[in-house]
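This document starts with one chain, in the form predicted on its own, laid out as structure tokens.
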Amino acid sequence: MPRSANAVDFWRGVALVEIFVNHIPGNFWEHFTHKTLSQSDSAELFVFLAGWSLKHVVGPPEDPRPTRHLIMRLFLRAGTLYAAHMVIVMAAIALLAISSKLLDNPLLLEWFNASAVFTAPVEAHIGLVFLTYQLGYFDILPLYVVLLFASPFIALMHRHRPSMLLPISAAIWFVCLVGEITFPTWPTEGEWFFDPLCWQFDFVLGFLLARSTGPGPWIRANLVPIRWIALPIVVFAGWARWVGWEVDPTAAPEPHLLFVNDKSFLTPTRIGQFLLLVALASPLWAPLEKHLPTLTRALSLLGRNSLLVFCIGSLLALAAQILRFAIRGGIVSDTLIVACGLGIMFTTAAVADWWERQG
């Protein structure tokens, strides 16, 4: 029997759909994702839900998973993510190379920061293995790998010093914002697009708010007044996004990352608006499940198989970008491309679900 939908899988499925659509920049349907009216996007939601899901691995306070088993399971999960990342990166490089040959266009070899693979292959492959070299649009899994390797320390700190986890996480985030501290890239000059030192704050918040102790119960008990506070702020943020109003980074006071919208460092504008948006959107699950059960089951299906669907979706988005470049398409081709991509993603999730039930 098909498994029932749940809120976490549903919202993870929503994030997967938006990530796929947004990873085809310039397509018509990109304007219908929530980033059009938001200071944040699906990346914050995906990382937040990863932290939320950590509670299931850690176990409830009354029956926590043994420490040795916890560490082993989380490290094995991190290893799985690392392996998945390496597979899709190699596939993406091959896809760029094949497309360059078929379209007789060597410029495709420079897309997504891939040129070093072909001009300095020795250094580039060392960087790929150690995650110091990343392709554009394929740079979120390295963030997850780092967060998963750090998650045993996060879980154990919460187990033994629960009151210290949030202050330490927030302090690391704040110091890295002020000092613009991040991981450098090599062999190409630059820095990680997703700074793990800042994005761990989103991950930790997801974990803490999911727990039955700590700030989570208080937040849930006071969601109604929080929503009344959130509503005008989220509306204003949506209006600002719609009209293109934002703080000029060159005019912002120092430290400027505290005042601008910067995705790499997860600035206060992004994480603050995202948390308020979560407060407003959280009650939508129950009526959606009741009145649109087919939709909720379909999106939850994606969420249950998130790693596989994300990997397939990333490669499909790359193929879609190349196809749009080749055919110079419009709304009709964009619709066909997005529909076919989503169809493949849903089919992949359905097959994975069926296969797991056979075991």
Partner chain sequence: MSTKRRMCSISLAAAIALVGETSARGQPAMAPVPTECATPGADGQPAVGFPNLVRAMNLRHRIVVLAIGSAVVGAGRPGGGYYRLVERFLESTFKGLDVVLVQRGFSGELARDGAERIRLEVARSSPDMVFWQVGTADAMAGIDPAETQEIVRSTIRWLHEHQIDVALIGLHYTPSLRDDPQYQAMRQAISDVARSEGVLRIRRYEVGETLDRLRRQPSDAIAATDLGSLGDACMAEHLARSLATGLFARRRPVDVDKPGSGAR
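A quick note: this is a predicted structure, and the numbers were derived from the prediction, not measured. Residue numbers count along the first chain shown, from 1.
Not on display, but discussed next: the form predicted together with its partner chain.
- None of W285, F236, W186, F149 but one reaches within 4.5 angstroms of its partner chain in the predicted complex through a heavy atom, and that residue is W186.
- Only one of the listed residues (V175, I126, A120, L156) places a non-hydrogen atom within 4.5 angstroms of its partner chain in the predicted complex, and that residue is A120.
- For the marked spot (L103, P106 and P249), a heavy atom within 4.5 Å of its partner chain in the predicted complex is present in each of the three residues.
- Residues placing heavy atoms within 4.5 Å of its partner chain in the predicted complex fall in a single listed stretch, namely 324-332, out of 46-54, 306-314, 324-332, 289-297.
- For Q200, no non-hydrogen atom is located within 4.5 Å of its partner chain in the predicted complex, even though that partner is not displayed.
- Among residues of the shown chain, G343 is not one whose heavy atoms approach its partner chain to within 4.5 Å in the predicted complex.
- When contacts are judged by a 4.5 Å heavy atom cut-off, A116 counts as touching its partner chain in the predicted complex.
- In the predicted complex, its partner chain stays beyond 4.5 Å of every heavy atom belonging to F75.
- Along 230-261, residues R241, E246, D248, P249, T250, E254, H256, L257, V260 each place a heavy atom within 4.5 Å of its partner chain in the predicted complex.
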